[in-house]
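Presented below, as structure tokens, is a lone chain in the form predicted on its own.
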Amino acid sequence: MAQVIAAKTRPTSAPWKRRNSRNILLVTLASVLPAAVAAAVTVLLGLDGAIGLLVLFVPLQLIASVGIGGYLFKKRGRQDAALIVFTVFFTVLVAVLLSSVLVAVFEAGLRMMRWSFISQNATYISPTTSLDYGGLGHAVLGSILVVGFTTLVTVPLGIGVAIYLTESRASGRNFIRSLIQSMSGLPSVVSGLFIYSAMIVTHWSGQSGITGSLALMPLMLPTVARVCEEALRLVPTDLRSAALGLGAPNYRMFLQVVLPAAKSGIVTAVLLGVARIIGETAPLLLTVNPSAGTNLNIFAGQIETLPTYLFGNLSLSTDYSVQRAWGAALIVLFLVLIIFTLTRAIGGNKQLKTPKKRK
């Protein structure tokens, strides 16, 4: 009998799942009425859409949300309502701006997506040459060589810095960490100017792929070092202690236990570092001499990269050259998208599957 009474008096749902119809109505009105009023005034007065959004809708939405929040939940409700309005508004604004850029690049760049555009170079191609001829194959190869050499040098150095910051107990760790954090905010043009003034102006080296790689290294190093450091710090201390407890020296513990456990994080660091520099234009404009032909020697001669190809065609300002620039922008976008997809796939949370019970 007691169980029956308890079952009848027990709430049918959790408190946070119960909904008050009056509160839902008030929140809906606070969300819909400002938009309706702002749209009506904008249409009646013939105002620009951006002005109606910023001058009418946002203030009205803020006033309505803060008022309803204060009426329902007092002072805390007003603060939460203001925070929600600003968060949602700026999130939607950034999403709209980003979507417009992506749509514009895809719409204009897809017109150039043909095999000849990807495989051919720009030899004997003028700004008025038909789009059926010429391409950016030489720029793709140049970017692969320049970014590849940068990655080949920067990744071991970044991993070494991360190992020093996590495994060492030296007093200079704080200085190195501060230096790496400062480098992460280095403007890309400053890196290009440094290589230009130190190597090209002094005639120690000419403009080539190697100088472009050197200009990109300070930009990639902080990303690789910081992400690798976080990946190494996430390795559980129990694994380290267990390896040391079994008698393994420190170097074997790190190489056979810590490093394999942080492998996915290190791969993620490398991919993020490549994505950081693959679209950099300012350092390459100062350190690389563009070429219309294919050059596979990054240590000498002219060499083209995707950013310099895009900038060069855009600066020519003809219809054909601008269209080629849109195609190059889409190729760069595809490369960055592939890199971030791989980063997400490798560094994403992997849940362990529960083994099925045997019958």
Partner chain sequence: MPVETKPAPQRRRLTVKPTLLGDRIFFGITTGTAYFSIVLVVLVLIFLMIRAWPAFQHEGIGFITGSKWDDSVQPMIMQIFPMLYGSILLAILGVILAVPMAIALAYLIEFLAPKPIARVVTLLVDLLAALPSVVIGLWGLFVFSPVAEGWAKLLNHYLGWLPLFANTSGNFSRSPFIAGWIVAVMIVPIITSVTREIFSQMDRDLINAAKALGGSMASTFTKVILPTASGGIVGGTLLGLGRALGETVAIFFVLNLSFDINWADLTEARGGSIASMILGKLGNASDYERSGLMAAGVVLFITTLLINFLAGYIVNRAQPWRK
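Just so you know, these numbers come straight off a predicted model, no measurement behind them. Numbering follows the first chain given and starts at 1.
Quick note: we don't show the form predicted together with its partner chain, though the next part is all about it.
This chain is displayed without its partner chain, yet in the predicted bound form the stretch 226 to 234 from 140 to 148, 226 to 234, 112 to 120, 126 to 134 comes within 4.5 Å of it by heavy atoms. Interface membership of residue 206, defined by any non-hydrogen atom within 4.5 Å of its partner chain in the predicted bound form, is ruled out. Looking at residue 342, you'd find every heavy atom of it more than 4.5 angstroms from its partner chain in the predicted bound form. Remark: residue 346 does not count among the residues lining its partner chain in the predicted bound form, judged by a heavy atom distance of 4.5 Å or less. Using a 4.5 Å cutoff between non-hydrogen atoms, residue 221 counts as a contact of its partner chain in the predicted bound form. Contacts to its partner chain in the predicted bound form (heavy atom within 4.5 Å) from stretch 174 to 213: 175, 176, 178, 179, 180, 181, 182, 183, 184, 185, 186, 187, 188, 189, 190, 193, 194, 196, 197, 198, 201, 202.
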